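Presented as structure tokens, the chain that follows is alone, the form predicted on its own.
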Amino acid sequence: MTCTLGEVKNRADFIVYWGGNPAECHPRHFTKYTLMQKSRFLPRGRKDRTMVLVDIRETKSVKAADVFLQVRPGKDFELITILRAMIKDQPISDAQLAETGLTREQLQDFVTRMKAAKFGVFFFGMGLSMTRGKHMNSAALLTLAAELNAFTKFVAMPMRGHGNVTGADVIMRWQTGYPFGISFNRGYPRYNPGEFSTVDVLVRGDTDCNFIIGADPGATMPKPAIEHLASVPTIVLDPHVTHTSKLARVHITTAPAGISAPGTAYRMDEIPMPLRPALESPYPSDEEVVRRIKETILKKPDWMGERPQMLTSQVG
């Protein structure tokens, strides 16, 4: 079910954006990868493609859509489950349909269009993955894409938010076999989204110290998570002062990656992009700061006869 953005650009004739607003959050996505590009298989570009937007409210992306499905807030999982039933011609009651805020005719048209596509793709954003249902919503949509492959070719891809989130997932998957939602508190990686995901750990108040690198959870996470960040020692590494920095006990300014610090970033289709700095910075890179912290910890004397392990939970 995975593919590159190049494949989408060249072959995808049916585009679904679910829980995202690419017109404002990913403004080049339309013109470079999905809707506007002409190719050997889609020589007329936009005229050869159909775009469906699924969201709880109208955004600027509605103007680019051929079909807009306004689902009720918190009912994405129910909608996906109904679509999975409809593509298999299973009966759906009117009461179940009413929960989603959409009509039978709207959903039957959506299903017909998906089955008739030559190459379809779901792009899903935080409106799906970070609302009620969270990882279960994402799993349901991936399952829907898999089941559509009984009729045509369909893939799914997340629309990433913060910089190089895909890079974090790729490296963790390489190192542990899991992309996110990982706990090392038993000395080996355990994977359980919904329990070990960062937002869940913070909402429950499980941590007594937080180390935030290149992210701003204080700007996006639920109120209980933000309150917990402020209640315990929080350390932030970031080139800029963020909402999380204002909650933190310590903020370490670092060189911006790709501008003043080298490295590798991953596109949302997992293509690695080498970063070569164009400007010098008086600040250290994130890598240098983390390395120096690790070296300092290793120089500390043994605690209670045994060196303490560094326990982490991957952002997810």
Partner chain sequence: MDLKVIDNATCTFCGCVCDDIQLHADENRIHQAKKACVLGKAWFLNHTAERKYPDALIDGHEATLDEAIEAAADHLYKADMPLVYGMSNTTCEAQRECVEMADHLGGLLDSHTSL
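Bear in mind that the values here come from a model prediction, so they are computed numbers and not experimental data. Between two forms, the rigid core is defined as the largest C-alpha subset superposing within 1.5 Å. Numbering follows the first chain given and starts at 1.
Separately, the form predicted in complex with its partner chain exists; it is not shown, and the next lines address it.
The unique member of L142, I87, M130, M136 whose heavy atoms fall within 4.5 Å of its partner chain in the predicted bound form: Checking each option against its partner chain in the predicted bound form, the one that comes within 4.5 Å is M130.
Proximity to its partner chain in the predicted bound form, single hit among I212, M114, V155, L83 (heavy atom within 4.5 Å): Contact residue from the list: I212.
Which of 92-100, 72-80, 196-204, 105-113 lines the interface with its partner chain in the predicted bound form (heavy atom within 4.5 Å): Going by heavy atoms within 4.5 Å, the stretch is 196-204.
Contact test in the predicted bound form: P239 vs its partner chain, heavy atoms, 4.5 Å: Result yes; P239 sits at the interface with its partner chain in the predicted bound form.
Proximity of R57 to its partner chain in the predicted bound form, heavy atoms at 4.5 Å: It does not: once its partner chain is placed as it appears in the predicted bound form, R57 has no heavy atom within 4.5 Å of it.
Exercise: F68 in contact with its partner chain in the predicted bound form, heavy atom 4.5 Å: Result no; F68 lies far from its partner chain in the predicted bound form.
Partner proximity in the predicted bound form: I226 to its partner chain, non-hydrogen atom cutoff 4.5 Å: Looking in the predicted bound form, residue contacts with its partner chain do not include I226, since no heavy atom lies within 4.5 Å.
Heavy atom contacts to its partner chain in the predicted bound form at 4.5 Å, residues of 148-166 in sequence order: Contacting residues: R160, G161, H162, G163, N164, V165.
Rigid core superposition, I182 Cα moves 2 angstroms or more between this form and the one not shown: Yes; that C-alpha moves by at least 2 Å between this form and the one not shown.
T131: Cα shift of 2 Å or greater between this form and the one not shown (core-aligned): After core superposition, the displacement of the T131 C-alpha between this form and the one not shown stays below 2 Å, so no.
Cα displacement of M51 between this form and the one not shown reaching 2 Å, rigid core superposed: Result for M51: no, shift under 2 Å.
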